[in-house]
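Two separate entries follow, structure 1 and structure 2, each one form of the same protein chain as structure tokens.
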Structure 1
């Protein structure tokens, strides 16, 4: 076997790969529908397609491939095969992939939640077909980190498990689903495979702290919700480490990292068009829910009419498995002394819950 058996194809920064092995041809990975023309032409002539995930972003051309070659073998994990048949609404010539299974020199590894739950990776002759992991490299480490933060940071425990396993492999190259490849141990002569693993290990490291950590995150249109946030922070000081972030002026990645390290959360929002602001939702949708389930929180905010955004955030955090310690502290316009006392009581319940 030789890496020369691998052909790299790129369409709009998305990558898919063709392998010739044991008299068969395999296509690994895929592209979105809008970039699928080349993928369809190449994959339709192959004997088999290896799906690393059922995510439509990376399987967009599969329907066209099956139209031209309905007998092509589809290799994937059990969840992926189930999903892809529901996405395509048609039967496929399915072949179940199991962990550590080998096929014509291609060995498969089940790597759930990187990024989709049905993710697998493949190794052929020391080349790792990594899917979304290690994707996003654009000539600098910045793109690699941005992709990690956006797509994979919410599943850090699974990243750590994957890196631990990949360190046992003798890898000489990494071929991701998106962005530049890492050929023969280098990423454009700036990073080795080992350095890729070290970067992911660093970015996904579990945070440790000897004390309790609280984060106060808020959005405030006229300063009223901001005043409540200041009160919460003042009450928390002395009992734990406190970080306070106004989402309108804070770096989102820094906010997310702080929330994911926290033991407790107070989140404040104003209401715009019966909803919470987009930046507050950005924080919530990028939280590490695998580790934050059960974390105590409470919601607060000032409102002028119905205060729908406050209630929406509270209901969402509860539905996501976090533990609300009190009803939201909602205040009509400018907080009074009695409202600040309600904030004190909510903070006391928060710290008592940790």
Structure 2
């Protein structure tokens, strides 16, 4: 199907587009290598290829195009040009695209992190070539939402910025990298451009937060680390909204959701065989590093001989970019009053840091 002089091509749910403008032909977007036969045929005969990202999922046919047409002009943002040369390991006839630049009626917008850092979008004749944004539409909003959750939700602040900007455009259609186009093109009956923007606005909305949500997560075999966790929770209660989770008896997804919504974290671990227990590591490996970088934390725990687990967790969180507010509160076996006072002092540093 086509709108004006835009041709829509689809391969395995991936879309790419061909525009004839100003006596020049452009191919916009791309497909994975396994679906690239048509893309290579069509793009190789074009004057220019516009890359909306360097992500190989959407540039899988480019090497084949360059083999047939090494002089094809490659239009892309600066990060994308750098990346694509390192992905293909070859030089390209590069044309740098800057924000708001126009070329033969095609206007470019730099839209970082949707989903790759080097993403741009293009608008031609009121049609938005949106790349991964607005992808996944399958005739109902379900596919659109799933795609958003899986690929874009991690970068919600960037989605919000993009939507704000797109609201200022007069768009009559959205042509994404994957899934159905909207509202015309490869069949789309139930969404309008306004509905797409509204959905993305709703899904990417910033959570309203007091900014003082604390989570205490701990692992404890004999209750010693548990007693420290209780003390932390009690002190936090006065000034914060607190959730406390014993990892051995809590639903891990719930714990991780809470950690990823929190503004501060107190994490307690016992040490077993020179390590922290697996479920503590499970929480850590599933932390949202895109959005939780810099979150204040401290580590606490009871140990028996060297307390390696406590130090491992502390070092890992620091390496992940979290902000340790104090040295770990490490306690030899059963906590006594002076240890509880150390916990209070650590909690006070934590709350002071947000």
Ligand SMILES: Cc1cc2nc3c(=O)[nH]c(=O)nc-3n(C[C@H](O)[C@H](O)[C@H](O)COP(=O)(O)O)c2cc1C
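Positions refer to the first chain, counted from 1. Heads up, when I say rigid core I mean the largest set of C-alphas that superpose within 1.5 Å between the two forms. Being a predicted model, the structure only gives us computed values, none of them experimental.
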Q. Of these two, which one is the form predicted alone?
A. 1
Q) On a core-based superposition, does residue 143 travel 2 Å or more at its Cα between structures 1 and 2? A) no
(Q) Once the core is aligned, does residue 237 move its Cα by at least 2 Å between structures 1 and 2? (A) yes
Q.
My question is whether residue 65 is one of the residues whose C-alpha shifts by 2 Å or more between structures 1 and 2, given a fit on the rigid core.
A. no
Q | Inter-form CA displacement between structures 1 and 2 at residue 336 - rigid core frame, Å | A | 16.3
Q. So if we fit the rigid core, how much does the CA of residue 317 shift between structures 1 and 2, in Å?
A. 4.8
Q.
When the rigid core is overlaid, by how much has the CA of residue 294 moved between structures 1 and 2, in Å to one decimal?
A. 2.6
